[in-house]
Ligand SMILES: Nc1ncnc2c1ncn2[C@@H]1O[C@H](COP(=O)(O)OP(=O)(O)O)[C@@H](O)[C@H]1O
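Shown below, as structure tokens, is a lone chain in the form predicted alone; questions about how it binds or moves come after it.
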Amino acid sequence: MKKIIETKKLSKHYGNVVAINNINLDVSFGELFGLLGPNGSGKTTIIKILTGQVKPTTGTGKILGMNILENPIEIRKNVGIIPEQETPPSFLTAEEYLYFVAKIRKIDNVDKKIDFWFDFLNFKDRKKFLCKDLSRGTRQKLMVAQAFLHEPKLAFIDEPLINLDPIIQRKVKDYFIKYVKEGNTIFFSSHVLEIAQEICTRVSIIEKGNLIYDGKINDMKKNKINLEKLFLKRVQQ
């Protein structure tokens, strides 16, 4: 299958601290790929490098065929990103923020798309609220909306379901599954194993900056491999 993400010997050092170490990773078009690992294992660092927010110490990679070192701005134009922490600008209302995102991304038919997200995530009663006055859960809804507003072929989502109530979590998970079935790709980073096993098509496990496992969820199910047991066994070695 054609690759939408490819990395070669990707490493990031912060002084003497090795955040990630010689990461060779590829993701194909149409995968709901899960990068799993404990807190501090390097998941967020990988996303920041792949989306051009941080430069690797060594190694390189391609996103949508574009070199991550040469085209960081172009990459960010073409992907969706849900960061680890929700950070919509405090001085804008929720509605203003989505219109701002739409203007930056030059999105057509924007009114209909923005209305869809307020309705779908059930927070249209908060559209006139300043972002600083929104609850953490509502800010997370807003970050989900902005990431998919331009319907990107590839989205990077870092712990996207934190702070969401169970009803909205279910809706968002179903949306992710449907989105990938329509031919798009999602790079999902999390330490919540149950969610990964439920929605991902393939997972890799990272520990202390090193990739230690890669496998397809369907193969794991056929072989009756429990992701939680596998994860604990690999990480605790």
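Since the model is a prediction, treat every value here as computed from it, not as a measurement. Residue positions are given as counts along the sequence shown, with the first one as 1.
Just so it is clear, the following notes concern the form predicted together with the ligand, a form of the same protein that is not shown.
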{"item": "Which of 59-67, 172-180, 31-39, 192-200 sits within 4.5 Å of the ligand in the predicted bound form, heavy atom basis", "value": "31-39"}
{"item": "is_contact(residue 184, the ligand) in the predicted bound form, heavy atom dist at most 4.5 Å", "value": "no"}
{"item": "is_contact(residue 10, the ligand) in the predicted bound form, heavy atom dist at most 4.5 Å", "value": "no"}
{"item": "is_contact(residue 19, the ligand) in the predicted bound form, heavy atom dist at most 4.5 Å", "value": "yes"}
{"item": "The ligand contact at residue 51 in the predicted bound form, heavy atom, 4.5 Å", "value": "no"}
{"item": "Residues within 4.5 Å of the ligand in the predicted bound form, restricted to 41-68 and counted by heavy atom", "value": "41, 42, 43, 44, 45"}
